[in-house]
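In structure tokens, one chain follows: the form predicted alone.
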Amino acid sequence: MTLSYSTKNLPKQLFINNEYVDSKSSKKLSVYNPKDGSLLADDVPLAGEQDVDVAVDAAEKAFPAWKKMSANQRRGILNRFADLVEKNADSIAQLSRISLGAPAAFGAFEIGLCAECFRYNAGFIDKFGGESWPQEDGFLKIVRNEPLGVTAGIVPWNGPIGTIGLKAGPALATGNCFILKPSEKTPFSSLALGTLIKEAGFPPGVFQVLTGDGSTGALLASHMRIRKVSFTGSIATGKKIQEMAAKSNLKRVTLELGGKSPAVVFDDCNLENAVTWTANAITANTGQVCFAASRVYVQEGIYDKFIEKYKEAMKAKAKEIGDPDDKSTNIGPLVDEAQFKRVQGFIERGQQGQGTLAVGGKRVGDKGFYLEPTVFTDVDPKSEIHCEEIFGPVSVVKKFKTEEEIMQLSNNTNFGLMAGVFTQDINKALRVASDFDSGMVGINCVSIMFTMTPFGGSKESGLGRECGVHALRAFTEPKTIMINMSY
């Protein structure tokens, strides 16, 4: 089947038990197009308590058979779903683009990531083995990886399709049922997946989609019969979800939260490479990326050369801003008016004694939520533009002298998601990578991820890991079986 949607024909029903149904709640969401601020829809369903309960009932009913389904069958369903996502890539990407504003290239990346995550995890279904210990002491010990049951994923607006693969892929591969809650800002592409879920062969209740806002997410996080919630979003919301999970049934939680990622550029780096990576890292998806390199620290010997090239790169990036529906556009608008005003506020306050505006900082055009890539220099290390996550195309650049000094500054934050080091000295690179208090480190690269390696952060950047075998572990519980061999 090929999806056929347009702005006049948007998916606006919940997907429960393999059927599109109207919400039992009368509340609705309004969704806008960030390229011009126009209203896309004011009748997107907001799933309430009854809707969540119905979805959980369906998932509980489906779980026993899904858990016991053969590896070949389950793998086939996940792979068919990946194929259907790719087949309908243009339609799905368009449904994300109209409310996110990310250009076509980002949409293609997202679709590819989602499909690859489903295939990767499908391949693990008959390879995610347990453990055993010999019976010399009279007991054979076996450890099985058991699915949790009904699980949920709350995905962010900045990666509405890619993050589905990160959460639903491992959840479904390990035999759990999964309820997806997309962001209220970008609901349409997720709702459209219902048709593909059914066509791929998922049994009713196994994979469901509930749109809503924070109140819907709270219902999932506090539900007594949901056993796991995986959330990507802000630290503040992540803390609330962990609290609700603890107060309800102590459900398992994975939290992928914010970042203020440092990129440390040493004198002996490849300058062009460092400029390219750091400029791309803060402008990809208009800077609305959790692991964007938003703090750039440059050693004094190359600082002047670096800052000139970095400013040039940012000015060149500004010329790539445009209509996200135009295939030549590489940078679109910020997601909505609230995010636009938030980032503008940081820029305005940043110019009031926090640092020196080196480039950018202005609105682009008079319609939509476009902003120039922005760089501050000479930044006060205690200022908000240096310490807080802005989540827009805004970076701070600071000069440093010694490795010891800059490692202390890099780690002096509550965030710990991503870090980068640029040097041609491999000993220094590995030493610095080890010293970063961060879940991920790039050497001569930054702001990058892979489906087979753990993705996540330390400190307040989150709990647990996505991707690779670590994601499978996050959606399973080890069960120890002890067999008495001596009776």
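Throughout, we count residues from 1 along the sequence that is shown. Fair warning: this is a prediction, and the values are worked out from it, not measured in the lab.
There is another form of the same protein, the form predicted together with a small molecule; it is not shown, and what comes next is about it.
Three-residue candidate spot 183, 241 and 259; every residue lies within 4.5 angstroms of the small molecule in the predicted complex by at least one non-hydrogen atom. Of the candidate stretches 120-128, 193-201, 245-253, 215-223, only 215-223 contains residues with a heavy atom within 4.5 Å of the small molecule in the predicted complex. Site annotation in the predicted complex: the residue of 237, 329, 354, 280 reaching within 4.5 Å of the small molecule with a heavy atom is 237. The contact residue chosen from 397, 406, 155, 275 relative to the small molecule in the predicted complex is 155, the criterion being a non-hydrogen atom within 4.5 angstroms.
Within 4.5 Å of some heavy atom of the small molecule in the predicted complex lies at least one heavy atom of residue 455. Not displayed here, the small molecule is kept clear of residue 207 by more than 4.5 Å at the level of heavy atoms in the predicted complex. At a distance threshold of 4.5 angstroms between non-hydrogen atoms, residue 389 is in contact with the small molecule in the predicted complex. Using a 4.5 angstroms limit between non-hydrogen atoms, residue 162 is distant from the small molecule in the predicted complex.
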